[in-house]
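Shown next as structure tokens: one chain only, the form predicted alone.
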Amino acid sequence: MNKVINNVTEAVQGIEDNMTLMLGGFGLCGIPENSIAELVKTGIKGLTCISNNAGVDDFGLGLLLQNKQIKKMISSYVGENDEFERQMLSGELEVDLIPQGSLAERCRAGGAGIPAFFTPAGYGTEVAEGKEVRVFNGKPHVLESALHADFAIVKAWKGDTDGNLVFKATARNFNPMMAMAGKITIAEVEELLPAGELDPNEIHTPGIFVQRIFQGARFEKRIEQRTTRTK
């Protein structure tokens, strides 16, 4: 099976209105920025996006929010996006806020075939409203369901033509588990190598989880909050 796609335009073909997408990354680190920019161009509407963050106002998922292409966000940390806040408070955007560890585990569970699991995170808060609670070892736990997506879109440091992926540093936070949980997984990579060039011991996501892979044209790698030391 040939998994290599010529460009980002081909990579996002088949993504339609009202689909659910998972988008990897942590803050602005390791986000599939080429694919997000292409989705903005398509004008697709009504998306449900599962992502730890919602980008910033003029970059990442913030571009889709500005264009009113997202109807629902399933996220953990969204404090860097003023447009997100405006849409949420005005009722224009549905929002499901999830504890960060629970979000990661719900994505991992989706890829591992685990339908649900119990976690103590969120008990006693709005997160637990309407959910089953059981006591384990004397501590209440909340039942959380697995997350799945029509498409998972991830960004890797290196990949090969068989779809094997290597993530770098913080980009390894959400990308690997999301790559497992999409019906179709699209991987944009900084460097695309022939099969066999990656050290098998360094592969984070096996190619069996990836259906499409392409080398991104450019990566801005914007810094979310630049902090410098005064001289």
Partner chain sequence: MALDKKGIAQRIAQELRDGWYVNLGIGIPTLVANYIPEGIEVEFQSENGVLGMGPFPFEGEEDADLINAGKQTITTMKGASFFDSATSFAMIRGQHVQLTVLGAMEVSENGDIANWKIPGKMVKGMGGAMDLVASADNIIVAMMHSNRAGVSKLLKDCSLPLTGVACVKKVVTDLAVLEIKEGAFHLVERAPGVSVEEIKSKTEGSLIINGEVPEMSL
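Numbering follows the first chain given and starts at 1. It should be emphasised that the depicted structure is a prediction, and the values quoted were computed from it without experimental measurement.
The same protein also has a form predicted together with its partner chain, omitted here; what follows describes it.
The single contact residue among Leu143, Val135, Ala112, Leu89, judged by any heavy atom lying within 4.5 Å of its partner chain in the model of the complex, is Leu89. When its partner chain is considered in the model of the complex, Lys72 lies well away from it, no heavy atom lying within 4.5 Å.
Proximity of Lys131 to its partner chain in the model of the complex: non-hydrogen atoms within 4.5 Å are absent; the residue sits far from the partner. Mapping the unseen interface onto this chain, Thr119 counts among the residues with a heavy atom inside 4.5 Å of its partner chain in the model of the complex.
With a 4.5 Å cutoff on heavy atoms, Asp160 does not count as touching its partner chain in the model of the complex; it lies far away. Using a 4.5 Å cut-off to its partner chain in the model of the complex, not one of Asn6, Thr20 and Lys68 places a heavy atom inside that distance. Looking at 161-169, 60-68, 40-48, 191-199, the stretch with residues near its partner chain in the model of the complex, meaning non-hydrogen atoms within 4.5 angstroms, turns out to be 161-169.
Interface residues of 101-119, taken as those with a heavy atom within 4.5 Å of its partner chain in the model of the complex (partner not displayed): Gly101, Ser102, Ala104, Glu105, Arg108, Thr119, in sequence order.
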